[in-house]
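First comes one chain, alone, set out as structure tokens in the form predicted on its own.
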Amino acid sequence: MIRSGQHFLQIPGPSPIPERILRAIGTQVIDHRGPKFQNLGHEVLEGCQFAFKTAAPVVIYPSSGTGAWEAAIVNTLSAGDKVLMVETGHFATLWRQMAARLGVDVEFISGDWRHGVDAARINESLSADRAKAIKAVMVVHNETSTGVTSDIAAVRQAIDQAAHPALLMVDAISSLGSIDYRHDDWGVDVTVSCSQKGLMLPPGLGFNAISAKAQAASRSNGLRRSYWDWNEMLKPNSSGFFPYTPATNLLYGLREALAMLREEGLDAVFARHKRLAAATRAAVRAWGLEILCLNPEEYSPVLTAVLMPEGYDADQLRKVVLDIGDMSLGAGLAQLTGKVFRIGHLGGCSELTLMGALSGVELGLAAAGIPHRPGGILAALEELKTPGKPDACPAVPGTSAHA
């Protein structure tokens, strides 16, 4: 079918790529051992420190975020080491599975996928670890499968209150560049991220921001690595180069993305994401549907996960929305399959883009015969016109869903 207009990509990553970044990526490749590339290398490596809010090195891999996860593990831990992780959703569970496959012993704090990290439970586990056997605490900042954001500063405080030497390792894959993130101020030792979310790039770049404590661990840990070795990356990075052929065109795009973040200002970027998220939640409540995240303090500025009413399939709704509006919504993952759909409002998303997306959802709800109340668009518009008003709205009887 030939469609007019532009496809609406409203999944929570990859996010749509701004034209400026697409044009930058289309620049001719250059000698990755020459002086022009050296300047590019310095620009993006220093620019990443700006994005992560750190003075520590940021290592850039030609990889997905999953590769960056693996780099974080194999550079800091040894087989048999114990780590503490928290079940906040699908991606926290996947990180746990990877650690286990690499021979790491995972203590997994269970969760309901509707709340973020409970820092008090982390403190309890670390306080009980009198032998200091736990080598790292590994948590997800923004859980992309659920739309729940966790308080990383509180996790750091829990570790410090227990006087525990464990490393703090954070997945900021869907939060970097969209939600305020402070690698240094929050005392994070390894931050993992990637290119296709708040940085507005195609998939293909993975990042590790690494503290001095994490670098020290990498010099004595026992897991073998070659491609992922931080030390092999850091040596040429100091001169603006990489130890192997880099993804030059993605680095062009990264330079442009970092320039765009600087031009808008990080605080303005974060405020925009919060404003769009609040408008989305206003629409969801007006429709009489239920937001998966239960704690308003943990609402994600990046995406909103919406529960379907009992007996209705989220994937069928997504198909209808794609068919009638040429718009892609995020699917429910793992235990949420068919139960939720996810609306992405991250990266370069604007007020007008969001209103188009919410209109597509409301059209889809009606076309699919999903019980709902019309008026989500007006509620979102009201939120955008009056930012800062209380983010609350009564549920509509008979239309709320349950996990």
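For every residue, the number given is its place in the sequence shown, counted from 1. All values derive from a computational prediction rather than experimental measurement.
Omitted from view is the form predicted in complex with another copy of the chain, to which the following refers.
Shown alone here, T27 lies within 4.5 Å of another copy of the chain in the predicted bound form, counting heavy atoms only. Contact check for T54: every heavy atom lies farther than 4.5 Å from another copy of the chain in the predicted bound form. Another copy of the chain in the predicted bound form comes within 4.5 Å of a heavy atom belonging to S328. For P202, a non-hydrogen atom is located within 4.5 Å of another copy of the chain in the predicted bound form, even though that partner is not displayed. Contact with another copy of the chain in the predicted bound form, defined as any heavy atom within 4.5 Å, is confined among 182-190, 237-245, 146-154, 118-126 to 237-245.
Contact here is defined as any heavy atom lying within 4.5 Å of another copy of the chain in the predicted bound form, and by that definition each of E263, G348 and L381 is a contact residue. Contacts to another copy of the chain in the predicted bound form (heavy atom within 4.5 Å) from stretch 28-50: Q28, V29, I30, D31, H32, R33, P35.
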